[in-house]
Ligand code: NAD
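The data below hold one chain only, encoded as structure tokens and taken in the form predicted on its own.
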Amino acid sequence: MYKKNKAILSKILPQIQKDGIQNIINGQSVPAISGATFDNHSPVDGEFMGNIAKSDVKDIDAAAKVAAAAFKTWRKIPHKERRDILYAIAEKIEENAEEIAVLESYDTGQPIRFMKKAAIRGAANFRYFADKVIDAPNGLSTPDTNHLNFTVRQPIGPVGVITPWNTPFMLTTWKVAPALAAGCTIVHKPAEFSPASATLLCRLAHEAGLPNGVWNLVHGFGETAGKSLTEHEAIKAIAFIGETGTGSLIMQQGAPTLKRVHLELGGQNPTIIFDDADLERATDAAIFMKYSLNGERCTSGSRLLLQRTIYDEVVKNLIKRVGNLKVGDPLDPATEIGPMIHPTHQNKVISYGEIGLKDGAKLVVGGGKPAGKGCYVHPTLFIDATKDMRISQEEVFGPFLTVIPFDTEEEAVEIANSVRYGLTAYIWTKDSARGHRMALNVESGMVWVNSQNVRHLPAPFGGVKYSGIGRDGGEYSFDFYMETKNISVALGDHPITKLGV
């Protein structure tokens, strides 16, 4: 399988290196209007992957105007036709799943074992929202004595989508599929560190029959292209996944044009294991939820809270398991940890090893980086931490786990809620009443009890506090991409107050 993955890469990479990656506006691949580009390199080995269009306000303006024009027709396309287009996009994803997975793995450093599943999950996202197209406009009936009131949902208009560099393909489908199902048109800016798979997805969508202008893709940096997108008058909403500070800037930049925003931001999520839990399953989940996807996931369980009565037992197992994690080429199916996305992020993750030691936590596995090429870091495990340490408070966003002891349920809640984030929490206990209490008392938008993160597409996905605003998933997505309109029809000649008689 490893040889096959390398063969797929050797087939697709030379073409990208030769042609570069351009914008897609009105269905056509075009360079940035200025002609500017920037280089993209793989975090795996530093290999040059191509010149990327370096867009600015002019490119965003062109894409936004095209999206605004296309909205007039896309919003009116019969639901069956729109549904069939989304089905066709899903089929295209499945047909090209291997190529998508290899390209994303090499572009981001994510292990191929996870990227193959991500590509198929992206197809499932499009199928799910294809089935929701006919229901998207549905509202409520709220009759009164003299009036029939009913609501309908209508697409908000052209929207901006800004996606991150961690699993960019799947996260793009989370945003784009419901937006298209709702009847919106899109200007999409992918992260500058991972432009390849998002571009491939947009191209596949057009091959599947998506009309020109409905989905426009513009590459560039947040300070220029991203800022221009959030400020553009024609863009009615911004859906963003990324870092909390950037989310705050997006709110500021969108305020003059009263942008609706959906922000899926950072997390410093607790995994809380009580002494009555199934320790084998809980440990499996804790390791998976921190070290899978290189730890570069907003829902990762970055803080492991262990009840003191089981602390030594679980820590002993953790040291062995984390020390055995296989770091290597992400195209190798045996690899469990690939490289970080970029040298700047590699250095950030490594720096937190020094911070943890300075804070007084105990480093028992990892720290630093292996010798050789690529943005690799050693999977890292700190124990004996306290809730106030920086490694407990700040989002590291890498294969880096901090273990904190606790004694009582009340203390566990206090530690869990002591950070500014509130995205997810994972509770492990066989006491069902305690599981429910903890789920209610932790400050997070999502809680899994006796489970790792298992995404259910109709369920709401999002956080509280500094972890974001709004929810993805099922009907919750349509609450963002659509406006609710109330229509009131008089049932007869009800009294009308006369003035000026």
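Just so we're clear, the structure is a prediction, and the values are computed from it rather than from any experiment. Residue positions are given as counts along the sequence shown, with the first one as 1.
The same protein has a further form, the form predicted together with ligand NAD, not shown here; the description that follows concerns it.
- Though ligand NAD is absent from this view, in the model of the complex it lies within 4.5 Å of a heavy atom of just one residue from G353, P405, G242, G254, which is G242.
- Only one of the listed residues (D144, E81, D388, E223) places a non-hydrogen atom within 4.5 angstroms of ligand NAD in the model of the complex, and that residue is E223.
- When ligand NAD is considered in the model of the complex, D329 lies well away from it, no heavy atom lying within 4.5 Å.
- Taking non-hydrogen atoms only, E264 approaches ligand NAD to within 4.5 angstroms in the model of the complex.
- Put simply, N417 is far from ligand NAD in the model of the complex: not one heavy atom of it is within 4.5 Å.
- In the model of the complex, ligand NAD lies farther than 4.5 Å from every heavy atom of G157.
- Relative to ligand NAD in the model of the complex, residues W165, K227 and C298 are all within 4.5 Å by at least one heavy atom.
- Looking at 310-318, 363-371, 266-274, 111-119, the stretch with residues near ligand NAD in the model of the complex, meaning non-hydrogen atoms within 4.5 angstroms, turns out to be 266-274.
- Contacts to ligand NAD in the model of the complex (heavy atom within 4.5 Å) from stretch 377-405: E395, F397.
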